[in-house]
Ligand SMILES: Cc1cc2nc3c(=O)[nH]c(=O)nc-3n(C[C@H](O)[C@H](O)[C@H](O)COP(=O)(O)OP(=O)(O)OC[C@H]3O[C@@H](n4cnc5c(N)ncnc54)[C@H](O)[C@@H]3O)c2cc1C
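Quick setup: one chain, the form predicted alone, written in structure tokens, and binding and motion questions come after.
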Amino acid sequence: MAIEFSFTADQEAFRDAVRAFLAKEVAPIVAEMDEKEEFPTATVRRMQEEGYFGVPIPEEYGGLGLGKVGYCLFLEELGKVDASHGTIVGAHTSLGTTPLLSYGTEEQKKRWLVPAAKGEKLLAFSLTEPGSGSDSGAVHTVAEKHGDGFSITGNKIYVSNGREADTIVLMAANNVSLGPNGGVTAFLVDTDLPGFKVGRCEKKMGLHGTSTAELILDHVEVGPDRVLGEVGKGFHVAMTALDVGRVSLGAASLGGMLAATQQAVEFSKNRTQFGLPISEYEAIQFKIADMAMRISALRYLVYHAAARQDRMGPDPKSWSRLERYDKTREAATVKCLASEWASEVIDEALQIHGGLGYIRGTPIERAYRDARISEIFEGTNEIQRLVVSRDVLGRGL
């Protein structure tokens, strides 16, 4: 399939509106947020009011109905301004609302998806545990049958939005011995349920505006209405969400690359050494060329993948096996290349800035710290390479 895309006039107008909003509401608070390491409650609230936490969700469920392409446009613009805000939106939208839209019953959609898309509730997603990261099927948080529902006990870690969320899309083992194939179930766990507690919140290298929380569940009782999808099919729910998250992470990385490159270009034109702007030197020009080429290539990959997901629609039952394989390989490719290219581009942008780029509090220094996690979360890049290689070995190129 050819890689091509173009934006509609409505999509371009949406981008312009987002850009203006972020410049006015978000950009002015980012430096202070990063320094204080505080969740940006006020700006998150403003974004929720504008509908930006439900960009890809159909209007009938409270969203803006702009699909994955519109969502990636939003995250690209947000990625230019701040990665923390992008992570908060991604944890809520990609990983929280996606499984509700794809696997939720109509009652679950009315109860949880609609308020989430309208910005009235904040969602989070929880898969990782102290003993399971890349081995995502090794879930040891246990969901035992209790009456017609379940009692959930265990610990989760590294949960973005975990401290602030109203509801967690949480994976627990209904049968530990079965692993991912029948042994893991997705649950909708409200954070005000008895037995639920937020534990340690991590201090991090970057993403200082986000919470990365430990969740402690001590016999949290949930009814059958809290099962998202089918019992034992939670791994499918998680992977569907991650396919969306990996493409949108690519869009956010694209925004970060664009901002860093623009800053480096402007700096190189104004920084004089040996009587000339450093932009006149081939060493700098070659760096800028490499940065620009990665941006161009990633733009095509991101929006081609997003457009494919829009064409497939949100219902997994309508996807062919071939479509599933293509979507997953494409998402892994985008995530892996985007995160690594972003790190490389931002590193080169910092190098062009010289000593100034290393000074705490500058935009390029913050971007450098924020970018590194993208090679780890939503599936390490080692896992993405396994996904791609196994698909190539099984199906070919």
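Numbering starts at 1 and follows the sequence shown. It should be emphasised that the depicted structure is a prediction, and the values quoted were computed from it without experimental measurement.
This next part talks about the form predicted together with the named molecule, which is not shown.
Site residues 125, 128 and 382 are all in contact with the named molecule in the model of the complex, judged by any heavy atom within 4.5 Å.
In the model of the complex, at least one heavy atom of residue 134 sits within 4.5 Å of a heavy atom of the named molecule. Contact check for residue 212: a heavy atom falls within 4.5 Å of the named molecule in the model of the complex. Although the partner is absent from this view, residue 21 stays clear of the named molecule in the model of the complex, with no non-hydrogen atom inside 4.5 angstroms. Proximity of residue 160 to the named molecule in the model of the complex: non-hydrogen atoms within 4.5 Å are present. Partner contacts here mean any heavy atom within 4.5 Å of the named molecule in the model of the complex, and among 102-110, 305-313, 151-159, 254-262 they occur only in 151-159. Just one of 324, 204, 287, 271 comes within 4.5 Å of the named molecule in the model of the complex, counting any heavy atom, and that one is 204. With contact defined as any non-hydrogen atom lying within 4.5 angstroms of the named molecule in the model of the complex, the contacting residues in 365-397 are 373, 376, 377, 378, 379, 380, 382, 383, 386, given in sequence order.
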